[in-house]
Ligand SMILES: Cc1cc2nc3c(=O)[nH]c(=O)nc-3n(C[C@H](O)[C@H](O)[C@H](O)COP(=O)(O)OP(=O)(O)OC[C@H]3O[C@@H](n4cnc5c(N)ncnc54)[C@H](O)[C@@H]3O)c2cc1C
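One chain comes next, on its own, written as structure tokens: the form predicted on its own.
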């Protein structure tokens, strides 16, 4: 399967115009060659634990994937966020674990870029964008996932330092990260803190090995005990952490949705190729009405997911509110990807159930109906914003 194709070119053209789309298409076409040649061939081995994620992640760092949407002043490329979102679709098609690891990492880079002081940007952004440092986003806790405001981790000010106490759970890149963005309750709300991985007060638990999918990405608990950080570790203002987290998650939901578009495309392509070649009752499986229904549903839902996520990305670029659209895009993309992957398993029958190279797509997509905002919670968010609109 060609990772970059006509669908992506048409999307770029419709959103950015022919001249800009030509430039962006060339950029993404170059990225897709590397994804096809150096990342996608590792995907099954990554899922089976026979290959480490650092190798494909390094390839994509070197290709500048994480530089795309960030300021040139700090080593970025000043490329529109929507183009970056399309790049994450391509990465998701090549290997979902690698794409998610980099997506989460880039959320922390986004946090520094949006809310960091000039000193924090200068200190962290070049290293994050080049991949010299890997980052982790530490918001979820053992007893507060969807209800992030109920976090129990605290940060108490002591002179010119903060002392952080608590624990975070299901943290992507934990154990590998050089930098953790830790959210904690403070005296007047919440704060976001940049904590170095070498801080003696930060300990990482054993990696969670029995994951259903996204097996190559490192996931673990992060414990903070008497974790002392200087006051300039605070990102932005004290008390602003929860609002910062909401804004960061809005952007991240677009990215996670686009990763799922990539996952769905791979599963769809595998199912389509099988159906065209499989003889059944004297004709091709692809000629049967129920197969064609599955093909039509997969095509419609995958394209609709891409367009809704890209609509949210364009709203973000234009400075307009996009929280509801980002949530809508993520819910549609993640749930439809799970349906498409399930249909692929069904079409391949026993081969779909027994081949990890088929069912891993469903296992990978399934996580993203939970992470970065569970579908149920996002539906509440969408409904709340819709009900506030004028009739």
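Nothing here was measured: the structure is a model prediction, and the numbers come from that model. Positions refer to the first chain, counted from 1.
Another form exists, predicted together with the named molecule; not displayed. Remarks below refer to it.
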Which of 83 to 91, 157 to 165, 143 to 151, 189 to 197 lines the interface with the named molecule in the model of the complex (heavy atom within 4.5 Å) | 143 to 151
Should residue 19 be classed as touching the named molecule in the model of the complex when contacts are defined as heavy atoms within 4.5 Å?
-> no
Quick one: does residue 172 come within 4.5 Å of the named molecule in the model of the complex, counting heavy atoms only?
-> yes
Using 4.5 Å between non-hydrogen atoms, is residue 211 touching the named molecule in the model of the complex?
-> yes
Indicate whether residue 138 is a 4.5 Å heavy atom neighbour of the named molecule in the model of the complex.
-> yes
Contacts with the named molecule in the model of the complex - residues in 347 to 370 whose heavy atoms fall within 4.5 Å | 367, 370
